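Single chain ahead, by itself, as structure tokens, in the form predicted on its own.
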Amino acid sequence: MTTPAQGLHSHVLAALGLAITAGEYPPGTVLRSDELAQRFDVSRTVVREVVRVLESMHLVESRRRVGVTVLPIAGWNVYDPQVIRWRLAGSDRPRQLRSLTVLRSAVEPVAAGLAAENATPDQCRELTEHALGMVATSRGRRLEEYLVHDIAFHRVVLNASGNEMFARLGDVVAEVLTGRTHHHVMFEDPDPAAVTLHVQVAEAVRERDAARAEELTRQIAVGALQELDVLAP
């Protein structure tokens, strides 16, 4: 259960995070803790806690007698799921979606090829279950249900690769897929060809066909980029 203090913390964190990532506070802007406390009607303790979180994301730097300085985007932890969520909620959404989708296109095909070599029987079963779940929820505007299976499918691929660096990108991919759905950068029903490709990837992984798994996943990535050209130009 969320306490009142936690609620205030979350509110201030979201407001500042969204404002910084949207460019409302350009790099170099100095924010004063006492002014923030007054603006949000919270204690300076809450402000300090929020600033610590923002510092951990490298969005700001706090220095005594200076204040809280907004840092350049080059230093931000752009892989932090919360930072991704904030950026997707702002005006920079099309560029952020494209940047993240290009990242996926570089990583996920290789991960799928490795998954075909390394996946356990349980992981193969999970892939098939989620691919079939995507098929079952791909019609009738059931995007939220489809999203659950889509995220789970890609997490399994990354985990089954056996590469811990790829596996850590699961949250990044989840934020991309969630952002596309919640910000309506998806067709009302998913592309049938993309859904079929997911089923075929599951089959290729199960059959230990690394080259086919990699190529099919590359086709998924290309299709995702093409959708962005239409929905988020």
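Basically, rigid core = biggest C-alpha set you can superpose within 1.5 Å across the two forms. The first residue of the sequence shown is number 1, and the count goes up from there. What you are looking at is a predicted structure, and each value in this text was computed from that prediction instead of being measured.
What follows is about the form predicted together with a further copy of the same chain, which we do not show.
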4.5 Å heavy atom contact, V102 and a further copy of the same chain in the predicted bound form: yes
a further copy of the same chain contact in the predicted bound form: E49, any heavy atom under 4.5 Å: yes
Contact label in the predicted bound form: E126 to a further copy of the same chain, heavy atom within 4.5 Å: no
4.5 Å heavy atom contact, H9 to a further copy of the same chain in the predicted bound form: yes
Residue (of L169, A204, L177, V70) lying close to a further copy of the same chain in the predicted bound form, criterion heavy atoms within 4.5 Å: L169
Candidate from L147, V110, V135, A89 lying within 4.5 Å of a further copy of the same chain in the predicted bound form - any heavy atom: V110
Contact stretch among 115-123, 73-81, 148-156, 135-143 - heavy atom within 4.5 Å of a further copy of the same chain in the predicted bound form: 73-81
Site test, V53, E164 and R218 vs a further copy of the same chain in the predicted bound form, non-hydrogen atom cutoff 4.5 Å: yes
Rigid-core frame, C-alpha of P81, shift of 2 angstroms or more between this form and the one not shown: yes
Core-aligned CA displacement of R208 at least 2 Å between this form and the one not shown: no
